[in-house]
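Next up is one chain by itself, shown in structure tokens, the form predicted on its own.
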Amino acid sequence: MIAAAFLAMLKRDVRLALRQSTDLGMILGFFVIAASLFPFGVGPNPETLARLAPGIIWVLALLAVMLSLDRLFQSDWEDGSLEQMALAPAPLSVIVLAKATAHWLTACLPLIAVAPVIAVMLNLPAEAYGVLLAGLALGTPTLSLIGAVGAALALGARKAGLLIAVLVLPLYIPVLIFGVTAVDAHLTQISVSAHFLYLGALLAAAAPLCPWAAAAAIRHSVG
């Protein structure tokens, strides 16, 4: 029953996200346009852009993810669906995990796909692309899980998007640090295994804890 509930919610949220393609366009548009502005701000020097590229890509990916967090639960809360989910036989934490997974598939995965284009634009060395993409693939699920907690805590708030950003941004910093330093370590011929282990540890901690915390916040909001 738990697996069936997870898959049903995952399919539902992915289908809804694909219908609202403007949200995906906004996320990708922000990612690409903001990245294209950096050469004007820091100068077109290829070496400078290459040195800053990992940090720019990770920061913009983080900010782009935050743009979509308020849609995780808000529409379901407004139409009463979230209350029905809280009363369903399946554990609410499983429902939250499915919604966070759907968010990663529809918001983070497209960013990972576009990241090489941004890397080329910022003159990142080609040998760092694999580490960059691997770090994003390992780190962005943690962003979605932490974001689910922030979105649940902000339910019903007047300026939910701003509140979510304030809640989750400090918790995103470790993911940002290890994601950026993994690319830097690879470019300086240092082993990246420690950085990936830290990213994996953050994901392993977030996977059970964040759905449970978000479920508790949702119960408080709908109770």
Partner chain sequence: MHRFANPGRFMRVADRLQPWLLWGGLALLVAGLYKALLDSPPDYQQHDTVRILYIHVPSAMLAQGAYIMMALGSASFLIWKHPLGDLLARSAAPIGAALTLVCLITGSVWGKPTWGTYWVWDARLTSMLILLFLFIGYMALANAFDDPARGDKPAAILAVVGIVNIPIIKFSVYFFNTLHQQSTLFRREGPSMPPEMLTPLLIMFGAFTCLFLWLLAVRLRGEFAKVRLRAIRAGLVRRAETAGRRRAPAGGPVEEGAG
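Residue numbers count along the first chain shown, from 1. Predicted model, so just to flag it, every value in this text is computed and none were measured.
Omitted from view is the form predicted in complex with the partner chain, to which the following refers.
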As a check of understanding, the residue in 197, 157, 26, 37 with any heavy atom within 4.5 Å of the partner chain in the model of the complex should be identified as 157
Identify which of 33, 173, 190, 42 has a heavy atom within 4.5 Å of the partner chain in the model of the complex; exactly one of them does. 173
Answer with yes or no whether residue 16 is in contact with the partner chain in the model of the complex, where contact means some heavy atom within 4.5 Å. no
Please tell me whether any heavy atom belonging to residue 216 falls inside 4.5 Å of a heavy atom of the partner chain, as the geometry stands in the model of the complex. yes
Can you check whether residue 92 is within 4.5 Å of the partner chain in the model of the complex, heavy atom basis? no
Indicate whether the partner chain has at least one heavy atom within 4.5 Å of a heavy atom of residue 132 in the model of the complex. no
Heavy atoms within 4.5 Å of the partner chain in the model of the complex: which of the stretches 82 to 90, 106 to 114, 147 to 155, 134 to 142 has them? 147 to 155
